[in-house]
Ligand code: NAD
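Given as structure tokens, the chain that follows is alone and in the form predicted alone.
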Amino acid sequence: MPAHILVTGSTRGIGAAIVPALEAKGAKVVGHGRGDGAGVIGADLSQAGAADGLWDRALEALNGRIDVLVNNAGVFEGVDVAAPADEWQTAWGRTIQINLQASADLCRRAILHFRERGGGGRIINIASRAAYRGDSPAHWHYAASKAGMVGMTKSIARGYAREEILGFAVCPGFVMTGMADDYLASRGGDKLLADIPLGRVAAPDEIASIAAYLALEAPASMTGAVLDANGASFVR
């Protein structure tokens, strides 16, 4: 029986690589983006309640069964510490809502669903190197949101392992996506690349291969694992 999987943020970057990696292993995947499309459910995760609506529609599209949730949707938008207070708080609220709260809402729905149908399930949260290393002065909120994802993943793993509900996180460094390209250009790409011993940023399909392994193949004893993929730019 093929695994039924929901992948958020599936229309570009890492998410767009995760979907075919899962499908190549026989999974039935429903994606998520800003608007509806072929195999994609549109939902604006900056809005409260949107994650619950996404879950309901994905569950219907997958014939009432979801085995794996991959939380990949996120934003990386800077705000200066000297910005006006309302701008600062709006930026923090938007980033935390999309990167962490919406992911938490989907994790909650997944756990309740796994419990209801029995047999367990898996959650893979795509976090970031920034969860441990921090990020630029304009991206405190991004680092905080990703650290929250890691803490949430560990809590899920510890809290629900006996029910065969497994939680994993992936912490990429820079990945060759539009999001990273813009940042590298703004910060002086050569200087940042010099900080990566591997000498290059990761390719989306590298992160996708990790996510697919965790979703479909990783042994249950790995629950709670946080896997780094940053070219040795931050070694824990």
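The first residue of the sequence shown is number 1, and the count goes up from there. Source: prediction; values computed, not measured.
The following text describes the form predicted together with nicotinamide-adenine-dinucleotide (NAD), which does not appear among the structures shown.
- Region of this chain that lies against nicotinamide-adenine-dinucleotide (NAD) in the predicted complex, out of 84-92, 151-159, 70-78, 107-115 [heavy atom, 4.5 Å]: Result for this chain: 70-78.
- Does the 4.5 Å heavy atom contact test between residue 174 and nicotinamide-adenine-dinucleotide (NAD) in the predicted complex come out positive? Heavy-atom contact with nicotinamide-adenine-dinucleotide (NAD) at 4.5 Å: present for residue 174.
- Query: Using 4.5 Å between non-hydrogen atoms, is residue 34 touching nicotinamide-adenine-dinucleotide (NAD) in the predicted complex?
  - Reply: Yes - in the predicted complex, heavy atoms of residue 34 and nicotinamide-adenine-dinucleotide (NAD) come within 4.5 Å of each other.
- Any chance residue 25 has a heavy atom within 4.5 Å of nicotinamide-adenine-dinucleotide (NAD) in the predicted complex? Result no; residue 25 lies far from nicotinamide-adenine-dinucleotide (NAD) in the predicted complex.
- Query: Do residue 44 and nicotinamide-adenine-dinucleotide (NAD) come within 4.5 Å of each other in the predicted complex, heavy atoms counted?
  - Reply: Close contact exists here: in the predicted complex, residue 44 approaches nicotinamide-adenine-dinucleotide (NAD) to within 4.5 Å, heavy atoms only.
- Query: Looking at nicotinamide-adenine-dinucleotide (NAD) in the predicted complex, which residues in 146-165 have at least one heavy atom within 4.5 Å of it?
  - Reply: Counting only heavy atoms within 4.5 Å of nicotinamide-adenine-dinucleotide (NAD) in the predicted complex, the single contacting residue of 146-165 is 146.
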